[in-house]
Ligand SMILES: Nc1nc2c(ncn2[C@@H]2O[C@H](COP(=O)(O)OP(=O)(O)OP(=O)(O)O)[C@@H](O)[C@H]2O)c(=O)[nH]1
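The form predicted alone is given below as one chain in structure tokens.
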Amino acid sequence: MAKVQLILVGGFLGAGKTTLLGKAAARLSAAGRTVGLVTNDQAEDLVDTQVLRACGFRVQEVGGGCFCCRFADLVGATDKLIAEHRPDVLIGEPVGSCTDLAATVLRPLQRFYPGRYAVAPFSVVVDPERLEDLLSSKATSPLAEKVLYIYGKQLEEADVILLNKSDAISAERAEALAAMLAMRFPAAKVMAISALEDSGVDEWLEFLQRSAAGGARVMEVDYGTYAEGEALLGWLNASVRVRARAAQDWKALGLKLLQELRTRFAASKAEVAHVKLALTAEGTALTGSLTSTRGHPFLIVQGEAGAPSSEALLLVNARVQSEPEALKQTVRAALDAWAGEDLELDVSAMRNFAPAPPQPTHRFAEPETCTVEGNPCATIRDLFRPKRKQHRRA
């Protein structure tokens, strides 16, 4: 049997990975390819899985940890897709707070299953807003240093860096950011895209088709710092049945909920990494996203909006720099304020936690320490520190 091309798309929370997966799957399917998707998270009840399945894609979900820690589950998910659908291409999206995937996922797949997967270059998606935070001379990023450590390692191991959401910034700024990334990470291919606008997706897929296998760049990773960075992020997945006394405009209500969440997180100084919601009512399916406390929420309606209805199913996935219990209290308060006297909420599940320390099943590595001017990169800010200052540090 011919090898199945495996495309792994990493990147920090809120960078736009799921949107890119959907656009890539659609483009490949239109070209006659059979595509399978694998979503991944620290918990179940994923908005991503529901959204991709609603688009008609074949999706398997790996929950309870990143691909590196749930390696057997990843293989099992791909086996199921291969057995049931015989895909030409598999696209996987690891957890947005994970890194070191070349050593813990791509290389083990290549070593244990050399005849099964053709591993494409590892792509990492970058959000310009987060990148702008890192580039600030005043180091004003609202994310903690140890969280930024993970962000930096994700960029460091990329074969391809995708500067996403280029439609949201000027062409001049996108060009400048892409040039900076190319200078700091010269071994990676840097491409500016907009997954939402379907710009640059074809060029990225074509590049993957003609490039060598991914996973060549393995890093030295401080797993203690990595674990502490992940532990600073609170995780919450909730499933809520919503009932109203009268038919509702769910699109307006979805936007109102995201705004309520943003206001409350900002008030408690809890930085949003990514909040997603999926709301499904009779004839209506929409998804919403908020990628920072300062950002603007947006909604996407899947298909044609149906007539107003009085019942809906709501999924909320929140990843926030916050203690898990405080995160739960904030989300619960936002839901209650959102519901007011008009909506009745039945919370069937609400799980909140901080990710456990990463414990990869396998790690095959010849460490190649990242350097700037010959000096090891201790943190992401070392990578982006102006050269003059970096020289003085040395």
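Just so you know, these numbers come straight off a predicted model, no measurement behind them. Heads up: residue numbers just count along the shown sequence, starting at 1.
There is another form of this protein, the form predicted together with the named molecule, and it is not shown here; the text below is about that form.
Shown alone here, Asp202 lies farther than 4.5 Å from the named molecule in the predicted bound form, counting heavy atoms only. Within 4.5 Å of any heavy atom of the named molecule in the predicted bound form lies no heavy atom of Gly234.
Proximity of Ile300 to the named molecule in the predicted bound form: non-hydrogen atoms within 4.5 Å are present. For the chain shown alone, Glu156 is not a contact residue for the named molecule in the predicted bound form, no non-hydrogen atom being within 4.5 angstroms. Annotated contacts: Thr19, Lys165 and Ser289 all touch the named molecule in the predicted bound form [non-hydrogen atom within 4.5 angstroms]. The listed set Ala178, Leu196, Leu131, Leu253 contains one residue whose heavy atoms approach the named molecule in the predicted bound form to within 4.5 Å, identified as Leu196.
Think of it this way: in the predicted bound form, the named molecule has a heavy atom of just one of Glu230, Glu271, Glu93, Asp100 within 4.5 Å, and the residue is Glu93. Heavy atoms within 4.5 Å of the named molecule in the predicted bound form are found in exactly one of 145 to 153, 187 to 195, 170 to 178, 320 to 328, that being 187 to 195.
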